[in-house]
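Just one chain follows, in the form predicted on its own, and it is written as structure tokens.
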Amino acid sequence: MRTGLWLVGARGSVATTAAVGLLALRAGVAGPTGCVSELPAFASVPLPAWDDIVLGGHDIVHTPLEKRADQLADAGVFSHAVLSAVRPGLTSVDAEIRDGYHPATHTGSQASAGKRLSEDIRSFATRHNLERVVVVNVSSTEAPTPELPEHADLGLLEAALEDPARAVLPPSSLMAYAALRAGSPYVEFTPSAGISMSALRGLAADLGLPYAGSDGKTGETLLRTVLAPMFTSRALRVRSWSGTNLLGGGDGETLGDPTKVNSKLESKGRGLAALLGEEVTAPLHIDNVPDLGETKTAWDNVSFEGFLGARMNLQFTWTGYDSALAAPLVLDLARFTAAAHAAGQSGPLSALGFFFKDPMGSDEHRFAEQTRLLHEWAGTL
């Protein structure tokens, strides 16, 4: 099952780590630690083999992939020995990265940009004789998008896209549109708008294409989806749940923008309220600390009430490399989404909510239940 994995933001930390990881798995210099799709429970699922996945993508920056990988190795995300073993492969991947869409530099209509992005994906599929290409957005988080009438109606949307004086779609949604028009399933790994607009979801349904998202669940929220059900199952009342995220690197710089950070805060907040079954005081801060580099630290303080009103407290700290946690999930999502497409599935892949903070097609946030749903669904492929 020759499958393309087209990464939007292909020279970013997550995409670069995914590329190094895929090449390392092929070369046998790294094991599949962190790759859910490699668990024994999925051994009989018809997933693309590592050797059958071909990488390409879009990006608006031109830093060579090797240079970005050098920076990540220096930061400790993976070893220089692993990087040395896969360096020739990175050069080949870099050759398959095309210029992305940048609203500040694009001239002409968004329709023309969308056609170019779609053609990049189609050409990639033809060049490598691929059965399908799964597009995964791992680019920088966007600010929340104001809702427009065109977002709910495909006819109005496509008419607006032809107007060179308008930018009716944010970059993530234009990329989702381009992916669908190229016949590709789409995965939104960020909290950006992406394929969330009803016009785009309707287009996916019309074209028989599956999609999944949104906002990959890698650290603090992963723990929340495990711990919050513990409180509700034991009839303990959570009074407040405060969180602080400290991070550097490109993600820290992006989320240091108060307009862009709101997308992340909203996706995290929705999940916690759903887990606890009620709104609770849940202040959350995300701070850019450049000195931390690629490291991300999350600290949470949970105040809860027990029998006879006894007040108690739980605190936890999670420190890790976010790109190393996210990259194997990107590879997993490409494999599962490709298998779903091969099986003729379309629309939101709700079982893949296991991987996301704000799952499309599902309001289930409890990690144990998400795990069960993923295993049951995979058994049908």
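Sequential numbering from 1, following the sequence displayed. Just so it is clear, the model here is predicted, and its values are computed rather than measured.
Form predicted in complex with a further copy of the same chain: not shown, discussed below.
Proximity to a further copy of the same chain in the model of the complex, taken as a non-hydrogen atom within 4.5 angstroms, holds for one residue of 140, 118, 196, 303, which is 303. Listed residues 343, 27, 312, 41 were compared with a further copy of the same chain in the model of the complex; 312 is the one with a heavy atom within 4.5 Å. Between 284-292, 119-127, 153-161, 174-182, the stretch whose residues reach within 4.5 angstroms of a further copy of the same chain in the model of the complex through a non-hydrogen atom is 284-292.
Heavy atoms of residue 148 never reach within 4.5 Å of a further copy of the same chain in the model of the complex, leaving it off the interface.
The shortest heavy atom separation between residue 237 and a further copy of the same chain in the model of the complex is within 4.5 Å. Contact annotation for residue 92: none of its heavy atoms lies within 4.5 Å of a further copy of the same chain in the model of the complex. a further copy of the same chain in the model of the complex comes within 4.5 Å of a heavy atom belonging to residue 77. Residues from 137-161 do not approach a further copy of the same chain in the model of the complex: none has a non-hydrogen atom within 4.5 Å of it.
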